[in-house]
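Only one chain comes next, encoded as C-alpha cells, the form predicted on its own.
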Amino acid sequence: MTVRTTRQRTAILDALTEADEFRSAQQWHEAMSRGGDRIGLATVYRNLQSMAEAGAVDAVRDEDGEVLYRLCHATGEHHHHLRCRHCGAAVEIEGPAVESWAAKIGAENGFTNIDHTMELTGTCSACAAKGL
C-alpha cells in the first residue's frame, strides 16, 4: 500500500518521531495541538489508521480496547510488543515459537496465509521502581 505524503501526514509523523510510547489518536491529536499544529481529530484518526495498514505505524489495543499507535521501529515485517501498562513504554520482541505455533494450527485446520497479533503487557522497571 502506498501512503501519499500530505502536510497533515508529515505533521503526524513528526509528532510520532518525538515520542516513543504508544498513544491513542486523541492523545496524539492533543499533543500536536499543544505544539501548535492545526489538524482535525478525524484527520489524525484516518492517517494513523492508514499508516498502520501500510506498516509505518504500530497499532495495539489497550485493556479497554482502545487502539494505541506509535512509530514502527521494526526492521522486519512482522513483530510483537512488550508494553508497560502504566507509562506506555514498549519494546519490540520476536516470538519464533508463536510464529511456529500459528502456522501449525493454521495448517492443521486447512488454513493458509495465517496472520496474528500478540502483545504482552506488564510493568517496566522504571514504573516498578515508582511502585506502580
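Small disclaimer: the values here were computed from a predicted structure and weren't measured. One rule holds for the numbers: they count along the sequence shown, beginning at 1. In this text, rigid core is short for the largest set of C-alphas that superpose within 1.5 Å between two forms.
As for the form predicted in complex with a further copy of the same chain, it is not shown, yet the points below apply to it.
- Site annotation in the model of the complex: the residue of Ala54, Ile93, Ala31, Ala42 reaching within 4.5 Å of a further copy of the same chain with a heavy atom is Ile93.
- At a distance of at most 4.5 angstroms from a further copy of the same chain in the model of the complex, none of the three residues Asp20, Ala25 and Asp37 contributes a non-hydrogen atom.
- Arg83 belongs to the set of residues with a heavy atom inside 4.5 Å of a further copy of the same chain in the model of the complex.
- Of the heavy atoms in Ser125, some are within 4.5 Å of a further copy of the same chain in the model of the complex.
- a further copy of the same chain is not shown here, and in the model of the complex it never comes within 4.5 Å of any heavy atom of Thr10.
- Contact check for Cys72: every heavy atom lies farther than 4.5 Å from a further copy of the same chain in the model of the complex.
- In the model of the complex, Trp101, Ala102, Ile105, Gly106, Asn109, Gly110, Phe111, Thr112, Asn113, Ile114, Asp115, His116, Thr117, Met118, Glu119, Leu120, Thr121, Gly122, Thr123, Cys124 are the residues of 101-124 with at least one heavy atom within 4.5 Å of a further copy of the same chain, listed from first to last.
- Relative to the superposed core, Ile114 undergoes a C-alpha shift of no less than 2 Å between the shown form and the other one.
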